[in-house]
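Next up: a single chain in structure tokens, the form predicted alone.
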Amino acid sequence: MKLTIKRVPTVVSNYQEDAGERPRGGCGRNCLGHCCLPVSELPVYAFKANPTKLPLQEDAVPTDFFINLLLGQWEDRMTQGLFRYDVTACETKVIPGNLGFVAQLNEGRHLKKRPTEFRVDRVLQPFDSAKFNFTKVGQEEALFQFENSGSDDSYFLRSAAATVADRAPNVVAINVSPIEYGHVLLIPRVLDHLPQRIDQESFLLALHMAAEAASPYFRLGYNSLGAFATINHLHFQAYYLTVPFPVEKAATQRIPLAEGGIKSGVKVSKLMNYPVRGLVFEEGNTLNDLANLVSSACIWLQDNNVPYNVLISDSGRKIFLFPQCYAEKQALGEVSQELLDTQVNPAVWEISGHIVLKRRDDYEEASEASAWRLLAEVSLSEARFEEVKAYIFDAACLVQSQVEEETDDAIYAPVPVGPSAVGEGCLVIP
């Protein structure tokens, strides 16, 4: 089995159109800061206000337009040499086993990646303009603005003012240290200097991006401070990978809710026999219902200094929430030296089952058991998880019924496996 790159037609960016005639303003670096962005123009993708409705206009963008636009623009920036390395050349394989963990060999990424500049023992910290933030990024790294169309249709403009009615734009930009093909950042209201802290508005924006992509292979992720976010400027990450994440295949058990707690239509489950304990939120009457409930849970976690990671899956219809404690265990000396030597920081992608390894030996010897050992260190204990779950339910106004429900799927556990029929050392092919 080979993991291959999907090539798409490149949509010409505004940087390729009359670039020589475009005057520079502000600081002269053409950045995403207050000095340059308000007098600049960027492409705009306007998303549907209500993604559950079909497009009304005949000229509305086709359902695959967003993902093709994003990947085409990402490839354009790769052609321009804006990335620190070629992630499409990294070796990637599916590890034999029940869940199919995905391992990538990316030697030296930790040396080329921007280091963390803040404390890891505080989930909420004030924005510090003296430290790196996305207003210091050059506009050549931006793909487009991502804004609400205010209607039931999506549309794309090749160029538009970067600020409208004094509202800071939401920007989609490349991650210059990518983990996977199409790795981008969604930066809500970039000029407002928001710290890494989820609220209902920003989380709803992320769900809209997943809904516009309309692809099971495009997921968004979020890392809080203390859960391996490296920049304290509000952002979500996203990329395109054409295999299921192990967590998406893991067994879940529905948590029965009292009648008053299910008006939103959101279903809540917990992961069963996965190395990291977590909650799963899915469906809902509207994206807004889902965003309200999950953001309430995130707000409680960050307000109570509980680090966490979020995976947005299934085109925004399914959310995985992982409270975690790996950094705390590191600080207390409770993580084995063997795991520390791997230099793997288990953030949202690793927790979801896509593990980036820095050493060839770790990659060659990767197994489901070794992935399980690493991720088990991330998880809260069962007692602590149940305690946190109770607080989350209270914050989200959910009441658990006393009636137990059946597990949705078969329960998996790591088991010894023999040689795989899947070829080892599969390449991501450019």
Partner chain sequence: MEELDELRGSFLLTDPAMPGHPIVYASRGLAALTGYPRRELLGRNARLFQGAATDRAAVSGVREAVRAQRAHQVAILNYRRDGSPHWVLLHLAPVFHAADGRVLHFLAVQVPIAPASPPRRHPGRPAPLAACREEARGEEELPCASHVGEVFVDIDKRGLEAEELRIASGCDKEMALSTANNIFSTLNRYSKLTGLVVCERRCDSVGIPALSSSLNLSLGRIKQSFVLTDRHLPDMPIVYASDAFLSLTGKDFCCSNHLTYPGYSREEILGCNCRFLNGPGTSAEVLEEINQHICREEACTVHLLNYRKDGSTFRDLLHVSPIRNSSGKVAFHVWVHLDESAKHDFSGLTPEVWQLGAVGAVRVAVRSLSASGSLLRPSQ
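Residue numbers count along the first chain shown, from 1. All figures in this text were calculated on a predicted structure; none of them were measured in a lab.
If you look for the form predicted in complex with its partner chain, you will not find it shown, but the lines that follow are about it.
Proximity of Y181 to its partner chain in the model of the complex falls within the 4.5 Å heavy atom cutoff. Residue contact check for L357: none of its heavy atoms lie within 4.5 Å of its partner chain in the model of the complex.
Within this chain, R158 lines the site of its partner chain in the model of the complex, having a heavy atom no more than 4.5 Å away.
In the model of the complex, its partner chain stays beyond 4.5 Å of every heavy atom belonging to V120.
Annotated contact segment (heavy atom within 4.5 Å of its partner chain in the model of the complex): 81 to 89, selected among 286 to 294, 334 to 342, 81 to 89, 190 to 198. Just one of T116, N273, S129, T242 comes within 4.5 Å of its partner chain in the model of the complex, counting any heavy atom, and that one is T242. With the partner omitted here, the residue from H235, K93, H208, R277 that has a non-hydrogen atom within 4.5 angstroms of its partner chain in the model of the complex is K93. Within 4.5 angstroms of its partner chain in the model of the complex, the stretch 65 to 82 places a non-hydrogen atom from each of F65, N68, L69, L71, G72, Q73, E75, D76, M78, taken in sequence order.
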